[in-house]
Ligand code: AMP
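In structure tokens, the next block holds one chain alone, the form predicted alone.
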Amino acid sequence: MPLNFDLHAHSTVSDGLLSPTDLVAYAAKQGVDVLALTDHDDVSGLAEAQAAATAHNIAFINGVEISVTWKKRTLHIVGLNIDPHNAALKNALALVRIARDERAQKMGEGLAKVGIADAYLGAKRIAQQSIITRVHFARYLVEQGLVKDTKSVFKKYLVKGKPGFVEHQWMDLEQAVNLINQSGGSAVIAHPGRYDLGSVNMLQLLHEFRGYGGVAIEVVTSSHTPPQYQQFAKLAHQFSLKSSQGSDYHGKGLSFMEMGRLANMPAGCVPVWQDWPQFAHA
């Protein structure tokens, strides 16, 4: 029976609801055999997750999800099998987290202008010691009874043109891929179907990503429909990229797909783990 891979998931270190330990326990309960923790711009939960994975007898992959600006759009690049102790990677991510907090303060200021006071402090309280993301603002606004669910918050307050949206310059694509490669990892474009790039920009993105040393794209993920599985499988083949999969799990009420319930990748996909010695024959 093939192994059940989930190579994209979040803990309370970024914007997930479960601690690294509890996330791994949940993954094991859901039948996941191989899990990657890919918190946003932070690797501080990996050691805890690795210990939990050993206790639950599931394989663990060190990961991260790096925020990138490309053509004035925010994209996410997942790094798999990274070395979390790599100095260049750790230093670059530390700068990103500082910038994230500065953005969060500006988001709070924007929401205050439309009568929503203390949104930054509320998001910071929910985030606790982790980085503050838009999800934390969304959870705060739901908590305050201003909207019915987090999805509605994004549409009303946190996307471009809305009061809580703040334009931000993240890391560039080449730097993100280089950092992942220098730390021994594999760079993967996360949920490419989410970016609404259009066909020309998508082809350009994949061309540049491949040229910088990127190796894979997510084909099966909660953001994609079954027809998109086929679409991105074809693009992976066209650009000689491997294919990855992951639930992008954040927790109950924040996720579009359960862990352990991913569809099979389309026929002909070359899995990103093919060259990982421990999984080469999975």
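All of these numbers come straight from a predicted model, not from anything done at the bench. When you see a residue number, it is the position in the sequence shown, counting from 1.
This next part talks about the form predicted together with adenosine monophosphate, which is not shown.
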Q. Can you pick the one in 80, 135, 205, 75 that has a heavy atom within 4.5 Å of adenosine monophosphate in the predicted bound form?
A. 135
Q | Of 100, 210, 139, 90, the one that lies within 4.5 Å of adenosine monophosphate in the predicted bound form (heavy atoms) | A | 100
Q: Examine residue 154 and determine whether its closest non-hydrogen atom to adenosine monophosphate in the predicted bound form is within 4.5 angstroms.
A: yes
Q: Answer yes if any heavy atom of residue 124 is within 4.5 Å of a heavy atom of adenosine monophosphate in the predicted bound form; otherwise answer no.
A: no
Q: Give a yes or no for residue 250: in the predicted bound form, does one of its heavy atoms lie within 4.5 Å of a heavy atom belonging to adenosine monophosphate?
A: yes
**Q.** Partner contact for residue 224 in the predicted bound form: adenosine monophosphate, 4.5 angstroms, heavy atom
**A.** no
(Q) Please identify, from 196-204, 127-135, 172-180, 114-122, the stretch that has a heavy atom within 4.5 Å of adenosine monophosphate in the predicted bound form. (A) 127-135
Q | adenosine monophosphate in the predicted bound form - contacting residues of 40-64, heavy atom within 4.5 Å | A | 40
